[in-house]
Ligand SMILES: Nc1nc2c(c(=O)[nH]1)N[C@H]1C(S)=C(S)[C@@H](COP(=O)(O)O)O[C@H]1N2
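This document starts with one chain, in the form predicted on its own, laid out as structure tokens.
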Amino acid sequence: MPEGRKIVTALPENSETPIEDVRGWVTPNRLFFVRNHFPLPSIDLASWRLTVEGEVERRLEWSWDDLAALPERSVFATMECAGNGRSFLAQHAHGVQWGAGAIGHAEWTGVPVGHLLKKAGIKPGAVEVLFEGADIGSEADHPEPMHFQRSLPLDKALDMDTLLVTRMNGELLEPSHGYPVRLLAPGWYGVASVKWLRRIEVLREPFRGYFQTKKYTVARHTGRGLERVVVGPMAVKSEIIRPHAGEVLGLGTNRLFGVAWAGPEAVARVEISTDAGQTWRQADLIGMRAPYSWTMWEYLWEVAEPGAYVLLARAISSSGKVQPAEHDPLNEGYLIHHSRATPIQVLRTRHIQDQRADAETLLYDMNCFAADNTRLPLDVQIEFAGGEGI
């Protein structure tokens, strides 16, 4: 197992990205978080095949060499587990008690799924596309062995950015990241990006499999009452990296720093509150701003009075979606993207004159964030070792 990731469960591996070892916008492969429900499958590349079947004009089968001969596309995308941050919830929610590290950002390279689907010929009436991994296992409430399966709406599957990924940050996929081929559904929670792909099936009816009905659903009010809907696109979210909760600051100019992302959208702006949400000021965005991708932000806070303060950050997407102040109980243990309070102290005896960031400052901030995360308890119990939740 590569060194560096923060292990939550060993078998199957579930581990967090250690931000202290990340040196830039892209997360190195060996440090990128891992989420597995079942043990890693053993795959022989020479005999491996990817089939396309179901509501298509012709069933097709692709070998590794077949895929390698097709035109490729690269997409930068942030991937986040749907349960990232679950350990921060005030009310305990079932599932792996992730800290803040079930997230990473990478360059993904592969063949658009739509290329294969169009070659197979999609029949009229198709609504979804099912993706099946080679990994097999069972759950407490589903003792029969099953493959990991998830589906996408047909339009998402046909999007040019939805890829059959073979390379991550320019390198062949590692086994823990889905070698030889995984799906990338950019802007959607990581559960949608099925690993170790072996079969694609075009469907005429919505998929009702275990990981799309029993797990990875949230409650929503509809015209028919309260219904379960599938976890899909990532929500708008921000994290305060500097200062950390409980830190002591001084009078003067204090630099606040963090990251933000908005799923399929770019981040339009980030706002900061230093008075527990009563007033808000706009932060400065740093570096790349693009759909699917996280961005960094900073804010220079002028403090004239000592005392106790509560800091909050909220991100706003390019379409105007605003990060909420509280966790929606209908989301249960998923979509944990509310603004988390960061209480700090300002002392009269300390004086600070921070400036805007340079590369060394950014690295220092990321290191401090990671050091704090490694001290957070991960309340992981045996019941989670079976791969339940995310």
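Model, not experiment: these values are computed from the prediction. Heads up: residue numbers just count along the shown sequence, starting at 1.
From this point on, the text means the form predicted in complex with this ligand, which you will not see here.
J.: Among 341-349, 319-327, 61-69, 36-44, which stretch has residues whose heavy atoms lie within 4.5 Å of this ligand in the predicted bound form?
T.: So the stretch in question is 36-44.
J.: State the residue from V194, A77, A313, V259 whose non-hydrogen atoms include one within 4.5 Å of this ligand in the predicted bound form.
T.: Of V194, A77, A313, V259, the residue with a heavy atom within 4.5 Å of this ligand in the predicted bound form is V194.
J.: I need to confirm a contact call. Of G232, G95, G99, G190, which residue comes within 4.5 Å of this ligand in the predicted bound form, counting heavy atoms only?
T.: So the residue touching this ligand in the predicted bound form, by this definition, is G190.
J.: Is P186 a contact residue for this ligand in the predicted bound form, using a 4.5 Å heavy atom cut-off?
T.: Because no heavy atom of P186 falls inside 4.5 Å of this ligand in the predicted bound form, the answer is no.
J.: Does G133 reach this ligand in the predicted bound form if we count a contact as any heavy atom within 4.5 Å?
T.: Flag for G133 set to yes.
J.: If we define contact as a non-hydrogen atom of the residue within 4.5 angstroms of the partner, is H177 a contact of this ligand in the predicted bound form?
T.: Result yes; H177 sits at the interface with this ligand in the predicted bound form.
J.: Does C81 reach this ligand in the predicted bound form, with heavy atoms at most 4.5 Å apart?
T.: Within the cut-off, so yes.
J.: Does any residue in 216-231 get within 4.5 Å of this ligand in the predicted bound form, counting heavy atoms only, and if so which ones?
T.: Sequence-ordered list has one entry, Y216.
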